[in-house]
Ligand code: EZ4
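In the form predicted alone, a lone chain appears below as structure tokens.
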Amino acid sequence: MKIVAAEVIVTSPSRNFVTLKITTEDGLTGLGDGTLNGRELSVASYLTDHVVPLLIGRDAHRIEDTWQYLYRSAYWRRGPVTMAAIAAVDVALWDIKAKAAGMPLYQLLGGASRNGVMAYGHASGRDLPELFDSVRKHLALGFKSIRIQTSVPGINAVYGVAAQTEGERYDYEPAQRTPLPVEEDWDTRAYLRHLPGVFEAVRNEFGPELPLLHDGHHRMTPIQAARLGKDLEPYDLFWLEDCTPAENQEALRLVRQHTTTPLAIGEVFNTVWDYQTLIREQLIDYVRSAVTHTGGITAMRKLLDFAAQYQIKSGIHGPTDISPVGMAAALHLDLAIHNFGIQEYMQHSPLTDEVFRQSFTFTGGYLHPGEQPGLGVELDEQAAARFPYVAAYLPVNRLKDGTVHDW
């Protein structure tokens, strides 16, 4: 089944997305997500200028061979741009294969291992009353697990808090459409003093049963992360995410020695090589990579099979910097694998839903990819054309003395 066309579509309904559309000689089409937040055009160019010419005439059924061809033939391997481009091709080919088979993709991955995929939502607030209102809102939407992010006294703007003291809310997208990145500030000691009291208050208000999560967003050194994990143990977190930059995989040994709080790592990783020490030494509990940023379904399935050998579960990245195409791919994988943990989920804007028509559903706290053949997502190209690319930057983070810090 030869590929006869491949087109890169960049659209910006509320935020920027990069979509690859592959067409076969039989008229089947497949969609893949190549969105890389804040660097979208780099992936679009990589696909258009370097990858698309290699796809024409290839057999769409040869997914593994195509993956290896694109990964190994470039010589300069890995990196977020390369792996997002490969992911776009890989997911589009799986979409085509499942459509050719006349079944939803998860069936080709071995069938369902569960009835639905538990999702967590993002609650945040500038103070405790606002945070509590956000938690209640998410509970009313049906979420059964909730991430808790809060402002910190003395810090003007903190990642993950939708309502900041300055600027507009970013419920859907932290990248701001500004000429230069917005600069936020940071004080780790203030954060470490403040956060345990927040979780104590949330537990007192909402009880012991509600699974709670928190994202440290790479802000801490290993010893600071160890302290926070230990301080949060009384509040029984589902996980503490990205507590320290994990490019230094050995750093997690120190964190693990000092806390039993479960750890989730990998949102900014893009290959299995980033996880070798973390998984082999069981230094984490959840793999946080995105299908979109980690080489697609082919690569993520192998990564999660590796993690399963060490009782490590999935926690696939899934905010709105993953398009509905990438989200659907994650859900099909979530439903099929045995070592599923939880799925991050932020609802896309109405404009995004207009461009990407989805069959996946969210009911009673659980997501399901639906029963349509393939991924179950269709792109309305006329709607997409109404929303041209708009440059946007993720924030930059600085310490109080002006030093650039991890964002």
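Here the structure is a predicted model, which is why all the values come from computation and not from measurement. Heads up: residue numbers just count along the shown sequence, starting at 1.
Another form exists, predicted together with the named molecule; not displayed. Remarks below refer to it.
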Using a 4.5 Å cut on heavy atoms, which of P319, G116, P80, G125 is close to the named molecule in the model of the complex?
P319
Using a 4.5 Å heavy atom cut-off, which residue among F238, F269, Y286, Y159 comes into contact with the named molecule in the model of the complex?
Y159
Heavy atoms, 4.5 Å, the named molecule in the model of the complex: which of 70-78, 197-205, 213-221, 181-189 makes the cut? Say which one.
213-221
Examine A384 and determine whether its closest non-hydrogen atom to the named molecule in the model of the complex is within 4.5 angstroms.
no
Taking the named molecule as it sits in the model of the complex, is N37 in contact with it (heavy atom to heavy atom, 4.5 Å or less)?
yes
Just checking whether V10 would be counted as a contact of the named molecule in the model of the complex - the rule being heavy atoms within 4.5 angstroms.
no
Taking the named molecule as it sits in the model of the complex, is L394 near enough to touch it, meaning that at least one heavy atom pair lies within 4.5 angstroms?
yes
Within 4.5 Å of the named molecule in the model of the complex, which residues of 134-149 have a heavy atom? Give them in sequence order, or say none.
R147
